[in-house]
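One chain follows as structure tokens, the form predicted on its own.
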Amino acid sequence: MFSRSFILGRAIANPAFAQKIAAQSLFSTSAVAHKARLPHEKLRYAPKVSELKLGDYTAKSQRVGVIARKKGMTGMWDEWGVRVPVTVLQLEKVQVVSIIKTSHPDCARLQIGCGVRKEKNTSKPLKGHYDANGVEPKAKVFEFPITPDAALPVGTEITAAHFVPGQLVDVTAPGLGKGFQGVMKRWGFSGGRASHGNSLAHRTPGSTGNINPGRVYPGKKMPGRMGGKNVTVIRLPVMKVDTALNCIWVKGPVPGHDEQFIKVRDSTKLVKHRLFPEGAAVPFPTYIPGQSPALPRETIAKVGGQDPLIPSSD
């Protein structure tokens, strides 16, 4: 395996070798050192998007996700008058920051930014990254995998109309931190006996191992810091979309505290489930004002089925 300095030295001494390396290189820069690509380095691919236009959604397509802020929980009533607990998620200036190169031509990634960050609070490397892409500094940035047909140009704004009422989404966010907790709260241990000779061992974990091998196995459930890690809740229905407030109403609770950044994307684990309601018009690759059909301010999902308040005849 040759080092980059060895290739650079040969390129300087032998111009023919430099031309060969430049022809094999994927990146076209003036420096020979940047053109030299080692054998173990992979080719990088990125979809080329010249303009934003509507496409046809297929079962193999994967749209980009968004970053939303959790505003809190409330309730709404469905078409049958049944109260449904929902979480309100608001999209604040969600834009495509850049297109990430990957090692496979059929896989792509988009870098999505949310909110606004003051320029004085932005580091110089990040500021240069935003300036190179023509995007204002963002408060939070995440990457989402997509299929090449769902690529979006840099600077495209994604609104709440990106989602369809009734579709299923996966949400990811850090859960609430619980601090340092014992084994009963952290892992659900039953603890020791309440009486009959028990002294100061009511909530202890008990034995942590045997004489042989004389050590504690890695991964042993013990007291420690609880919570604060990423949690993903899958297949949550979108109950309502508000295009004026740029909010989506998601059924049930969502991990994280209020004002937490939440990653929302189309569900991927669809076992006996439909991603979108039957006959729904899916905005692909996203909702484009002027090209997509005009939407009302609020669109509520239809639950369907039979009225649950009417007793069945069985």
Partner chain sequence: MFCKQLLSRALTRPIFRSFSQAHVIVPQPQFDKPLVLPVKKRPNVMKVIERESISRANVDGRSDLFIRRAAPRDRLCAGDIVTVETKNSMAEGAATSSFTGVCIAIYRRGIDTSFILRNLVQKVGVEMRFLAYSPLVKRIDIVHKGVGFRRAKLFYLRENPGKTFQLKLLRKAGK
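In this text the structure is predicted, and so the values were computed from the model without any measurement. Numbering follows the first chain given and starts at 1.
Below: the form predicted in complex with its partner chain, not depicted.
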Exercise for the section: May I ask you to state whether E79 is within 4.5 Å of its partner chain in the predicted bound form, using heavy atom distances? Expected result: yes
Problem - its partner chain contact at Q90 in the predicted bound form, heavy atom, 4.5 Å - result: yes
Exercise for the section: Would you please decide whether G305 lies within 4.5 angstroms of its partner chain in the predicted bound form, comparing each non-hydrogen atom pair? Expected result: yes
Exercise for the section: Give a yes or no for V49: in the predicted bound form, does one of its heavy atoms lie within 4.5 Å of a heavy atom belonging to its partner chain? Expected result: no
Completion exercise
Of the candidate stretches 157-165, 100-108, 226-234, 196-204, the one with residues having heavy atoms within 4.5 Å of its partner chain in the predicted bound form is 157-165
Completion exercise
Residue within 4.5 Å of its partner chain in the predicted bound form by heavy atom, from K140, R186, H129, K71, is K71
Fill in the blank from the handout: Of R215, K221, R83, K178, the only residue with a heavy atom within 4.5 Å of its partner chain in the predicted bound form is R83
Handout entry: Within 4.5 Å of its partner chain in the predicted bound form: residues from 286-302 (heavy atom criterion)
Key = A294, L295, P296, R297, E298, T299, I300, A301, K302
